[in-house]
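Single chain ahead, by itself, as structure tokens, in the form predicted on its own.
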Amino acid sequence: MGFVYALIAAGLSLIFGLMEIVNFAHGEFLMVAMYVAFFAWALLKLDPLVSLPLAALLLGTLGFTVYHGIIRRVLDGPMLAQIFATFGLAVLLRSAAQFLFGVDFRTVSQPLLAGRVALGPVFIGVPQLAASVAALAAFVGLFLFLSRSETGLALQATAQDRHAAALMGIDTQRMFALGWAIGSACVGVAGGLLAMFFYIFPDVGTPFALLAYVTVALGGFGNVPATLAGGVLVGLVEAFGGLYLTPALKYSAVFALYLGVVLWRPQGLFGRF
């Protein structure tokens, strides 16, 4: 789960690093991706693993559209307007899902990968194991894109100083739109992976969004590579908190860690990338 949390948080961190805007609709983007995977399975008989490119493409398109339709209009406005814009989008998406699909829980029955593997006394579900491997592969691909490609370097330059990047000939508006598309596509992949073993309903994105905010804060806002370490740390604390405390208190252990890091090192464990 830590690798999945890292992939979700990577999109959030990328968007914040570019524009210093927190996307409060991030959890709802994840919910949309999970519904895309579910209906691809229910209507087209496509397993969530097979429909991952579709979920990534649709969520990338959604992110691109949201930037040009909403974010671009409030980018130079007050912070309160930016918060209301993404928070209002979250309410809209969640309410639309409740209106269209109801509040019932849905699951993908008989996914392509099922069962479990035993590592001594520890049992790991095959869908969860596949999701962790796929999330790690997607994260590595994102990191290589950002650090090795010309477009990725342009994104980093825009994140460091948008005005200097514009003077160097980089189209910052294009970079902003691309950042929203890539960040949303990461959520699309994560949602497709979660659909293999997690129930789907309109409010499913809320707890994952909260954990994504914690993951970003632990790694460092705008530091995409550090979200991998933050996600794994959150996953471990959640698992051991549920094991040694009680499952009802596992999230309290995660938020206690978050509070400690914020008080001790507000810039995150690794600082800004």
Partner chain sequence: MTRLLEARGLDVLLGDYQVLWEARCAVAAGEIVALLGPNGAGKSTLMNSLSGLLRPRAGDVLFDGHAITGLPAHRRVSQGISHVLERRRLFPYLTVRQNVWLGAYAREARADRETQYQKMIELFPIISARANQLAHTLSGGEQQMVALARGLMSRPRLLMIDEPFLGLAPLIVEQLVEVIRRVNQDGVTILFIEQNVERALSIASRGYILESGRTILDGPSSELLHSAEVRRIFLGG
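Here the structure is a predicted model, which means the values were calculated and not measured. Numbering follows the first chain given and starts at 1.
From this point on, the text means the form predicted in complex with its partner chain, which you will not see here.
From the candidate stretches 109-117, 67-75, 150-158, 128-136, select the single one in contact with its partner chain in the predicted complex, where contact means a heavy atom within 4.5 Å. After filtering at 4.5 Å, what remains is 150-158.
Heavy atom within 4.5 Å of its partner chain in the predicted complex - residue from A97, M196, M175, A85: Checked against the cut-off, the match is M175.
Quick check on this chain: which one of M168, L92, V103, M79 has a heavy atom within 4.5 Å of its partner chain in the predicted complex? Only one option qualifies, and that one is M168.
Check I124 for me: does it contact its partner chain in the predicted complex (non-hydrogen atoms, 4.5 angstroms)? Outside the cut-off, so no.
State yes or no: in the predicted complex, is some non-hydrogen atom of A164 no more than 4.5 angstroms from a non-hydrogen atom of its partner chain? Judged by the heavy-atom cut-off of 4.5 Å, A164 is in contact with its partner chain in the predicted complex.
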